[in-house]
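Just one chain follows, in the form predicted alone, and it is written as structure tokens.
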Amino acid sequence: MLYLKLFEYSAGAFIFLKAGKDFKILILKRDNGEYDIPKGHIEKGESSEQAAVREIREETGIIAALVPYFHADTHYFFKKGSNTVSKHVRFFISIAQGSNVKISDEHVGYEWLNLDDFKKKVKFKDILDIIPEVLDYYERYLRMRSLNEMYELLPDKNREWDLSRTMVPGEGPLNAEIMLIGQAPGRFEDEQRRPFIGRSGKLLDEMIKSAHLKRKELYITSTVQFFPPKNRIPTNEEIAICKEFLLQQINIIKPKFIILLGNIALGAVLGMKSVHMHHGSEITKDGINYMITLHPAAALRFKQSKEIMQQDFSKFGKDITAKH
């Protein structure tokens, strides 16, 4: 008898609903009495993200957006006849805007449950195993969203505000091990509301690749997250106003490594001066390894600065790999 090892790939999502200061998670009831979350097979030509969004829509009627940058993978085996199936499932997080659900024909009911009740009713081990990781990211997401909402109000709270009125949020996974902090957004960043996407950003991308790192795995932000007119340097007062928000971002992400780009980031975070004196240095403080280098804007202006930055990133990449 021929035994085959089969492979199946599915995607699904934990759908959260805010309930006062707490939250609830959506579960669906199957006709066999089992409880599950929305998930299903990834169809040909679909990405896992597309499959998860489709399954949410088909099984719940909810038009959902996924929380950026998060996924958690599970893997297990089960028998299908005489064959062994290797099952891979990728889970995402989605936030419901309301409690209305329209279930599909493959389910017989649904419930919004608090965490304790969710754990009692859902019996699938792979789902229960990743609950801590899912909850950790969900809580970070809520904290960062709340922080950014407060940060955006700064222009209205300060009469002498001379920066752009558009806040450029940090970008990347909220559980990133590596965080990069620059000076302030430029004109392109201000227009697109994304950090480091202009000329400095393209050079930074080169540095990241040269260190064998991946931008999508890093959290990138700035000391001041509002564009200073004419690309001027932020004032000490502006840095002080924004510093508390930067420190809270660090607290939410809890990175193992922070790469400080330039004098402004170096001064705001570590209280040190002269990035040229300290570039290439690594300082451990409060459990975080800080790595100091030049800002990409300086590397664009001076060939020597670019060479220094390349050497620093090469060193940082090796050190990060060694410490993982």
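Keep in mind it's a predicted model, so treat the numbers as computed, not measured. Note that residue numbering begins at 1 and tracks the sequence as displayed.
There is another form of this protein, the form predicted in complex with a small molecule, and it is not shown here; the text below is about that form.
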Heavy atom contact within 4.5 Å of the small molecule in the model of the complex, the stretch among 178 to 186, 101 to 109, 127 to 135, 77 to 85: 178 to 186
Of Ser164, Ser200, Ser94, Gln249, the only residue with a heavy atom within 4.5 Å of the small molecule in the model of the complex is Ser200
According to a 4.5 angstroms non-hydrogen atom cut-off, is Gly170 in contact with the small molecule in the model of the complex? no
Check whether Phe196 has any heavy atom within 4.5 Å of a heavy atom of the small molecule in the model of the complex, and answer yes or no. yes
Would you classify His295 as touching the small molecule in the model of the complex, given a 4.5 Å non-hydrogen atom cut-off? yes
